[in-house]
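Read the single chain below, which is given as structure tokens and is the form predicted alone.
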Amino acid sequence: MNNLRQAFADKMIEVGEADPNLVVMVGDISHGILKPFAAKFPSRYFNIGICEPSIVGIAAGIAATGLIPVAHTIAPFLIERSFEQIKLDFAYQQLGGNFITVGGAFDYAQLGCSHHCYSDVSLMCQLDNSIVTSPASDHEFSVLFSQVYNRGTINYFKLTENPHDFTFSNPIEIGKAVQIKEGTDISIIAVGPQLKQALVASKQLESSGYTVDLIYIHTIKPFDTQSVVASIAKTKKVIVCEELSAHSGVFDLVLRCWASQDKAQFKQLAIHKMIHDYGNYEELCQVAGLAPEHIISAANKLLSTVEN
């Protein structure tokens, strides 16, 4: 299937049947795919409308009764617009809940830059007791949701409309990076949907005779420091590819975990400034400098650099 929004709807049915405490709220989106859940559990499905801070407040009230809320709508409205409510109603009150968004980065580019979202991951990482993920396949989302939805933590799932098609042979675990390729020439650390671009770039680099150590990050918090440090120790040349703000993104986490180690070279491919363009996903990856050719160019520059 590999459609994350449909995977979300299917997962709600699966978990809702097993756990009568699950309550789903939406902000006037995904009605069609959630009709089966609404029909099966009418007392546990609510369309709150385009009132995102209110969704958060209602979700907190639901959590305070011992139920497990799921709040779902477009990323900039649920996280950026409503962040103060998440901070006050969940983090300060030490409540757990699940926030599931679509339209991260620039998936909704056809509706303009008001629907872009680059800073949500950074915001959610700053909350105590939060778990922050960017799954880019239906399998990842399903597994990660099952692992944490009822932990009493603040769980953020940033879903993409542009999933990769990689098939994992290793288990998916919260807080554990996935080794996609093993190499010694350069490390590429790809976050969420950027795995698709990184796989294309890696294949071309390998055709040029290089070996790529490709690490995939689906969980930003908790961050898998051990896997990242092990990769950098092998290659000492690192590219981080993320559809997140260049400020306080995964690149910062990578630098922090390597700070006291030996010398290495780093390059960040991220969203360095607000994008005002319209276009499809591939076109805006070009604008942001996140297309496969940008990864290849950055890799070639690092690989051609002679360390002093």
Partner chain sequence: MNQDLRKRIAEIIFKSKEGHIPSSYSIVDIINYLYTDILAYKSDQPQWDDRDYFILSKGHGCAALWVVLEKVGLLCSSQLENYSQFGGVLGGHPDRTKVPFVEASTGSLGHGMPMAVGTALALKIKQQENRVFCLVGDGECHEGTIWESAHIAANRELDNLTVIVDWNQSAAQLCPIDDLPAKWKSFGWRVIVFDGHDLNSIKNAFSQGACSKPTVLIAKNIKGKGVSFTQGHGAWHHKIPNESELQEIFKALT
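In this text, all values refer to a predicted model and were calculated from it rather than measured experimentally. Residue numbers count along the first chain shown, from 1.
The next section is about a form of this same protein that is not shown, the form predicted in complex with its partner chain.
> Considering its partner chain in the predicted bound form, find the one stretch among 187 to 195, 89 to 97, 156 to 164, 174 to 182 with heavy atoms no farther than 4.5 Å from it.
In short, 89 to 97.
> Using 4.5 Å between non-hydrogen atoms, is D128 touching its partner chain in the predicted bound form?
Answer no; every heavy atom of D128 is more than 4.5 Å from its partner chain in the predicted bound form.
> Looking in the predicted bound form, any heavy atom of S54 within 4.5 Å of its partner chain?
Yes, contact at 4.5 Å.
> Does its partner chain come within 4.5 Å of any heavy atom of N280 in the predicted bound form?
Although its partner chain is absent here, N280 would stay clear of it in the predicted bound form, with no heavy atoms inside 4.5 Å.
> Check whether S260 has any heavy atom within 4.5 Å of a heavy atom of its partner chain in the predicted bound form, and answer yes or no.
No - in the predicted bound form, heavy atoms of S260 and its partner chain never come within 4.5 Å of each other.
> In the predicted bound form, which of the listed residues (A38, I33, I48, A264) lies with a heavy atom within 4.5 Å of its partner chain?
So the residue touching its partner chain in the predicted bound form, by this definition, is I48.
> Select from the listed residues L253, I239, A270, A60 the one whose heavy atoms reach within 4.5 Å of its partner chain in the predicted bound form.
Of the listed residues, the single hit is A60.
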